[in-house]
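First comes one chain, alone, set out as structure tokens in the form predicted alone.
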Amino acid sequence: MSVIIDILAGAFLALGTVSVLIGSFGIWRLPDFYTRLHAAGITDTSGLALMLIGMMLLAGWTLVTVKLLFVLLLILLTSPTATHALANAAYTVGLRPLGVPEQDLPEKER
């Protein structure tokens, strides 16, 4: 049973690493702030969640697992909120999405 848990934990850690790497390529390749923010927000949250699950499997049922669970819950609550706040602040100060014509913006934005 220990071998299966180790393999499963390794798979979660590898998937989390791949997710974060894909997000870093998205930040590098995508054209504007909002698409880059989207790539960073989603892949960082999912990648970290997968890595924390892998670490919880490796730790077994100990106090370390409970601490990792609290970190996971904190990340799942704060990362999407921070990404939304950053995008909202950028839009509020006037940074417009790439490729959106002026006439497609709401009336008060023109």
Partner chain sequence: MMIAAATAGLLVAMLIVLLRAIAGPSLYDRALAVNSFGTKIVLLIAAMGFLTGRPEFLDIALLYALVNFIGTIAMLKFFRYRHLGVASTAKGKAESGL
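Positions refer to the first chain, counted from 1. Bear in mind that the values here come from a model prediction, so they are computed numbers and not experimental data.
There is also a form predicted in complex with its partner chain; it is not shown, and the following applies to it.
Visitor: So in the model of the complex, does any heavy atom of Trp28 sit within 4.5 Å of its partner chain?
Guide: Yes.
Visitor: When the contact criterion is heavy atoms within 4.5 Å, does Gly10 count as touching its partner chain in the model of the complex?
Guide: The answer is yes: Gly10 has a heavy atom within 4.5 Å of its partner chain.
Visitor: Any of the heavy atoms of Phe70 lying within 4.5 Å of its partner chain in the model of the complex?
Guide: Although its partner chain is absent here, Phe70 would touch it in the model of the complex, with heavy atoms inside 4.5 Å.
Visitor: Is there any non-hydrogen atom of Leu95 lying within 4.5 Å of its partner chain in the model of the complex?
Guide: Leu95: yes, in contact with its partner chain in the model of the complex.
Visitor: If you look in the model of the complex, which residues in 45 to 60 sit within 4.5 Å of its partner chain (heavy atoms)?
Guide: Residues within 4.5 Å: Leu48, Met51, Leu52, Met55, Leu58, Ala59.
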